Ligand SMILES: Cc1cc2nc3c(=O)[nH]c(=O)nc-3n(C[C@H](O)[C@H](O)[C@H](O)COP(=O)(O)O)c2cc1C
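The chain below stands alone and is given as C-alpha coordinates, in the form predicted on its own.
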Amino acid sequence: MEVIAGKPSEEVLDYLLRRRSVKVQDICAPGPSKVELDRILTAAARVPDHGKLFPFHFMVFEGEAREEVGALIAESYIKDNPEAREDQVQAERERFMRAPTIVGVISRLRPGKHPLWEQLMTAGAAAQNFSLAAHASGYGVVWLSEWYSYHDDVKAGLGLDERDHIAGFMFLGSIKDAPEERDRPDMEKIVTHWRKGMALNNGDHYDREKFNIPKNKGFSA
(Lines give C-alpha, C1' and ligand atoms only; values in the text may rest on other atoms or scores of the structure.)
Protein backbone atom coordinates (compact mmCIF):
# COMPACT_ATOMS: atom_id res chain seq x y z
CA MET A 1 0.00 0.00 0.00
CA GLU A 2 1.32 3.40 -0.97
CA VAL A 3 1.62 5.77 1.97
CA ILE A 4 0.99 9.49 1.64
CA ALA A 5 2.18 12.59 3.46
CA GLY A 6 1.92 16.22 2.49
CA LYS A 7 -0.64 15.47 -0.21
CA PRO A 8 -3.11 18.37 -0.57
CA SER A 9 -6.77 17.47 0.02
CA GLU A 10 -9.33 20.23 0.34
CA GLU A 11 -11.99 17.58 0.99
CA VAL A 12 -10.19 16.25 4.08
CA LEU A 13 -9.47 19.75 5.39
CA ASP A 14 -13.08 20.83 4.88
CA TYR A 15 -14.22 17.71 6.72
CA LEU A 16 -11.99 18.44 9.69
CA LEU A 17 -13.18 22.04 9.85
CA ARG A 18 -16.82 20.93 10.05
CA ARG A 19 -16.81 17.61 11.92
CA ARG A 20 -19.13 17.30 14.91
CA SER A 21 -19.84 14.54 17.40
CA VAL A 22 -23.48 13.57 17.77
CA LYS A 23 -25.53 13.22 20.94
CA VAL A 24 -25.86 9.65 22.14
CA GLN A 25 -29.67 9.91 22.00
CA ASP A 26 -29.42 10.68 18.28
CA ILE A 27 -27.67 7.37 17.50
CA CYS A 28 -29.73 4.44 16.23
CA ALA A 29 -29.48 1.16 14.31
CA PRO A 30 -28.08 0.04 12.02
CA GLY A 31 -24.45 0.15 12.97
CA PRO A 32 -21.57 -0.59 10.62
CA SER A 33 -21.10 -3.94 8.95
CA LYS A 34 -18.11 -6.08 9.90
CA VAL A 35 -16.26 -4.92 6.78
CA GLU A 36 -16.98 -1.27 7.58
CA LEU A 37 -16.01 -1.64 11.22
CA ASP A 38 -12.77 -3.44 10.34
CA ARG A 39 -11.85 -0.55 8.06
CA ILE A 40 -12.70 2.03 10.75
CA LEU A 41 -10.56 0.17 13.30
CA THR A 42 -7.66 -0.09 10.85
CA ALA A 43 -7.82 3.67 10.29
CA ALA A 44 -8.04 4.24 14.05
CA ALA A 45 -4.84 2.28 14.63
CA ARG A 46 -2.85 4.40 12.15
CA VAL A 47 -1.62 7.00 14.63
CA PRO A 48 1.62 8.64 15.79
CA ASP A 49 3.32 6.14 18.10
CA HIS A 50 6.73 6.93 19.61
CA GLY A 51 8.76 3.73 19.62
CA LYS A 52 6.17 1.73 17.67
CA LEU A 53 4.85 0.27 20.92
CA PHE A 54 1.20 0.05 19.81
CA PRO A 55 0.12 1.06 23.35
CA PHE A 56 -3.60 0.54 22.82
CA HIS A 57 -6.21 -2.06 21.93
CA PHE A 58 -9.89 -2.11 21.00
CA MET A 59 -12.90 -3.90 22.51
CA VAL A 60 -16.04 -4.25 20.36
CA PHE A 61 -19.46 -4.65 21.97
CA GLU A 62 -22.43 -5.66 19.83
CA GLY A 63 -25.61 -7.66 20.30
CA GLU A 64 -25.91 -9.51 23.62
CA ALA A 65 -22.44 -8.39 24.69
CA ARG A 66 -23.94 -4.94 25.36
CA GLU A 67 -26.44 -6.48 27.80
CA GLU A 68 -23.66 -8.37 29.56
CA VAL A 69 -21.67 -5.16 30.07
CA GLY A 70 -24.86 -3.43 31.21
CA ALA A 71 -25.31 -6.06 33.90
CA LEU A 72 -21.72 -5.54 35.00
CA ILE A 73 -22.22 -1.77 35.19
CA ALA A 74 -25.47 -2.16 37.14
CA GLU A 75 -23.86 -4.58 39.59
CA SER A 76 -21.02 -2.15 40.25
CA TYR A 77 -23.47 0.73 40.63
CA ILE A 78 -25.53 -1.18 43.21
CA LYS A 79 -22.38 -2.04 45.14
CA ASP A 80 -21.54 1.66 45.44
CA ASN A 81 -25.14 2.80 45.81
CA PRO A 82 -27.04 0.15 47.82
CA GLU A 83 -29.98 2.52 48.36
CA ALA A 84 -30.42 3.25 44.64
CA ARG A 85 -33.92 3.10 43.18
CA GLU A 86 -34.73 0.44 40.60
CA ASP A 87 -35.16 3.05 37.86
CA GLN A 88 -31.66 4.34 38.58
CA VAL A 89 -30.23 0.84 38.40
CA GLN A 90 -32.13 0.19 35.18
CA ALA A 91 -30.69 3.34 33.63
CA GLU A 92 -27.20 2.05 34.39
CA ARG A 93 -28.08 -1.38 33.04
CA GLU A 94 -29.14 0.19 29.73
CA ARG A 95 -26.07 2.37 29.16
CA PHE A 96 -24.63 0.09 26.50
CA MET A 97 -27.98 -0.27 24.75
CA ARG A 98 -27.84 3.34 23.52
CA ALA A 99 -26.02 2.41 20.31
CA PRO A 100 -25.88 -0.70 18.11
CA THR A 101 -22.07 -0.78 18.21
CA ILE A 102 -19.75 0.36 20.99
CA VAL A 103 -15.97 0.26 20.80
CA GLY A 104 -13.75 0.67 23.83
CA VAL A 105 -10.42 2.34 23.08
CA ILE A 106 -8.03 1.08 25.73
CA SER A 107 -4.63 2.53 26.55
CA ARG A 108 -2.30 -0.38 27.32
CA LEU A 109 0.93 0.81 28.93
CA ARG A 110 3.99 -0.93 27.45
CA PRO A 111 7.39 -1.28 29.09
CA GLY A 112 10.12 0.77 27.48
CA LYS A 113 12.04 4.02 27.60
CA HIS A 114 9.26 6.15 26.12
CA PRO A 115 7.18 8.30 28.52
CA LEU A 116 3.87 6.89 29.69
CA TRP A 117 2.20 10.21 28.90
CA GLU A 118 3.12 9.78 25.24
CA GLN A 119 1.62 6.30 25.28
CA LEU A 120 -1.62 7.68 26.70
CA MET A 121 -1.72 10.36 24.01
CA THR A 122 -1.31 7.69 21.34
CA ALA A 123 -4.45 5.97 22.64
CA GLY A 124 -6.25 9.33 22.53
CA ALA A 125 -5.13 9.77 18.94
CA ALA A 126 -6.54 6.32 18.14
CA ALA A 127 -9.88 7.37 19.61
CA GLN A 128 -9.92 10.56 17.52
CA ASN A 129 -8.98 8.65 14.38
CA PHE A 130 -11.82 6.23 15.15
CA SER A 131 -14.25 9.13 15.38
CA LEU A 132 -13.10 10.63 12.08
CA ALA A 133 -13.13 7.28 10.28
CA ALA A 134 -16.62 6.48 11.59
CA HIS A 135 -18.00 9.81 10.40
CA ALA A 136 -16.28 9.39 7.03
CA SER A 137 -17.98 5.98 6.76
CA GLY A 138 -21.40 7.62 7.12
CA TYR A 139 -22.04 6.92 10.81
CA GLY A 140 -22.49 9.11 13.85
CA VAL A 141 -20.24 8.63 16.85
CA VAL A 142 -19.85 10.08 20.30
CA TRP A 143 -16.81 9.55 22.53
CA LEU A 144 -17.89 8.93 26.14
CA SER A 145 -16.14 7.88 29.33
CA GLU A 146 -18.65 8.22 32.19
CA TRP A 147 -18.10 6.89 35.69
CA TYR A 148 -17.80 3.20 34.84
CA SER A 149 -14.68 3.83 32.71
CA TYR A 150 -12.81 4.52 35.96
CA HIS A 151 -14.40 1.86 38.13
CA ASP A 152 -12.05 -0.95 39.17
CA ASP A 153 -14.78 -3.61 39.28
CA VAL A 154 -16.05 -2.74 35.81
CA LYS A 155 -12.54 -2.73 34.39
CA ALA A 156 -11.77 -6.07 36.01
CA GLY A 157 -15.06 -7.50 34.74
CA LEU A 158 -14.04 -6.51 31.22
CA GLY A 159 -10.77 -8.40 31.64
CA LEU A 160 -8.58 -5.31 32.01
CA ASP A 161 -5.74 -4.95 34.50
CA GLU A 162 -3.61 -2.19 36.02
CA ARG A 163 -1.84 -1.54 32.72
CA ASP A 164 -5.13 -0.69 31.02
CA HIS A 165 -6.86 2.69 31.10
CA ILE A 166 -10.04 3.34 29.18
CA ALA A 167 -9.51 6.26 26.82
CA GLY A 168 -13.22 6.15 26.06
CA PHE A 169 -16.13 4.21 24.68
CA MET A 170 -17.13 5.13 21.13
CA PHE A 171 -20.91 4.88 20.70
CA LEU A 172 -21.47 4.29 17.00
CA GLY A 173 -24.45 3.97 14.69
CA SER A 174 -26.72 5.67 12.22
CA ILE A 175 -27.87 9.23 12.89
CA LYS A 176 -31.46 10.17 13.72
CA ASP A 177 -31.07 13.95 13.53
CA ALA A 178 -28.25 16.05 12.16
CA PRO A 179 -26.33 17.75 14.99
CA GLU A 180 -26.25 21.49 15.50
CA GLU A 181 -23.00 23.41 15.79
CA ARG A 182 -21.55 23.91 19.26
CA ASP A 183 -19.28 26.58 20.72
CA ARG A 184 -15.75 26.58 19.34
CA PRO A 185 -12.70 28.42 20.71
CA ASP A 186 -11.67 31.87 19.56
CA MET A 187 -8.38 31.04 17.88
CA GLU A 188 -6.84 34.38 18.88
CA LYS A 189 -7.20 33.28 22.51
CA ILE A 190 -5.37 29.96 22.12
CA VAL A 191 -2.70 30.56 19.45
CA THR A 192 0.64 32.20 20.21
CA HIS A 193 3.22 33.06 17.57
CA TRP A 194 5.95 32.99 20.18
CA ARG A 195 8.64 35.57 20.81
CA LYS A 196 10.80 35.89 23.90
CA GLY A 197 9.04 37.61 26.79
CA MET A 198 5.61 37.82 25.21
CA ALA A 199 2.37 36.91 26.98
CA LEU A 200 0.92 33.57 25.93
CA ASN A 201 -2.55 33.11 24.50
CA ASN A 202 -3.10 30.06 26.68
CA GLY A 203 -6.89 29.95 26.86
CA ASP A 204 -7.14 30.94 30.52
CA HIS A 205 -10.10 33.01 29.40
CA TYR A 206 -12.02 29.73 29.26
CA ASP A 207 -11.23 28.56 32.80
CA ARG A 208 -14.41 27.84 34.74
CA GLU A 209 -14.24 28.88 38.37
CA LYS A 210 -16.61 26.17 39.58
CA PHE A 211 -14.28 23.41 38.42
CA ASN A 212 -10.97 22.35 39.93
CA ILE A 213 -8.09 20.86 38.00
CA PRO A 214 -9.23 17.25 37.41
CA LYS A 215 -7.57 14.43 39.24
CA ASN A 216 -5.63 11.90 37.19
CA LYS A 217 -8.37 9.26 37.31
CA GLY A 218 -7.31 5.68 36.97
CA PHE A 219 -3.64 6.37 36.25
CA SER A 220 -0.80 4.54 37.92
CA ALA A 221 2.77 4.58 36.70
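Bear in mind that the values here come from a model prediction, so they are computed numbers and not experimental data. A residue's number is simply how far along the shown sequence it sits, counting from 1.
Not on display, but discussed next: the form predicted together with this ligand.
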item	value
Contact flag, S145 vs this ligand in the model of the complex, heavy atom cut 4.5 Å	yes
Distance check, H205 to this ligand in the model of the complex, heavy atom within 4.5 Å	no
In the model of the complex, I40 touching this ligand (heavy atom, 4.5 Å)	no
In the model of the complex, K196 touching this ligand (heavy atom, 4.5 Å)	no
Contacting member of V69, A167, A44, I27, with respect to this ligand in the model of the complex [4.5 Å, heavy atom]	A167
Answer range among 99-107, 136-144, 77-85, 113-121 for contact with this ligand, defined in the model of the complex as heavy atoms within 4.5 Å	136-144
Partner contacts in the model of the complex for 1-26 (non-hydrogen atom within 4.5 angstroms of this ligand)	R19, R20, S21
